[in-house]
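Take a look at this single chain, the form predicted on its own, given in C-alpha cells.
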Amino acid sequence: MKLVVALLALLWAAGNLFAAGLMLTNGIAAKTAAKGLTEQGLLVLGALLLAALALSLIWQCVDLLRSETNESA
C-alpha cells in the first residue's frame, strides 16, 4: 500500500512541478512584465513556493520507497 501511495504522490508532485514551470515562464514573460512588478513577482514567487513543496514531497516519497525496500529485504 505504501508503494501505491508513494507513486500517486510522485505523480501529484510531477504535476505540481509542471504547473510551477508554467507559472515561472509566464511570470518572466514580456506580457506579464508590462502589467507591473507586482503581478510578475507574485507569479514567480508562487512558482518557487510550489516547486519547493513539490520537491519536498518527492523527497518524502523517495524516503518512503527506500524504507519499503529495506523492510522487505
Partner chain sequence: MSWLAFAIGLILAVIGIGGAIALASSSAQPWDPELTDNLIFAKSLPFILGFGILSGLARAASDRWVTERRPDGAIRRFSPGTALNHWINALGFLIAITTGSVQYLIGVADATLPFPLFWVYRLHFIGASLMVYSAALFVTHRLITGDTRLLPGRGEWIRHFRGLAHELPRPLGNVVAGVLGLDLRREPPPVGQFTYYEKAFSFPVWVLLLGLIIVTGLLKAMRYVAPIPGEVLWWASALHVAAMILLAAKFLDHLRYVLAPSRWPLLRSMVQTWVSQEYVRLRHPLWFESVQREERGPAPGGVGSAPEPARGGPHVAGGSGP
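Positions refer to the first chain, counted from 1. Values in this document were obtained by computation on a predicted structure and should not be read as measured data.
We do not show the form predicted in complex with the partner chain, though everything after this point is about it.
In the predicted complex, the partner chain sits beyond 4.5 Å of every heavy atom of residue 40.
Taking the partner from elsewhere, residue 67 is found to have a heavy atom lying within 4.5 Å of the partner chain in the predicted complex. Residues are counted as partner-facing when one of their heavy atoms sits within 4.5 Å of the partner chain in the predicted complex; in 14-31 these are 16, 19, 22, 23, 26, 31, in sequence order.
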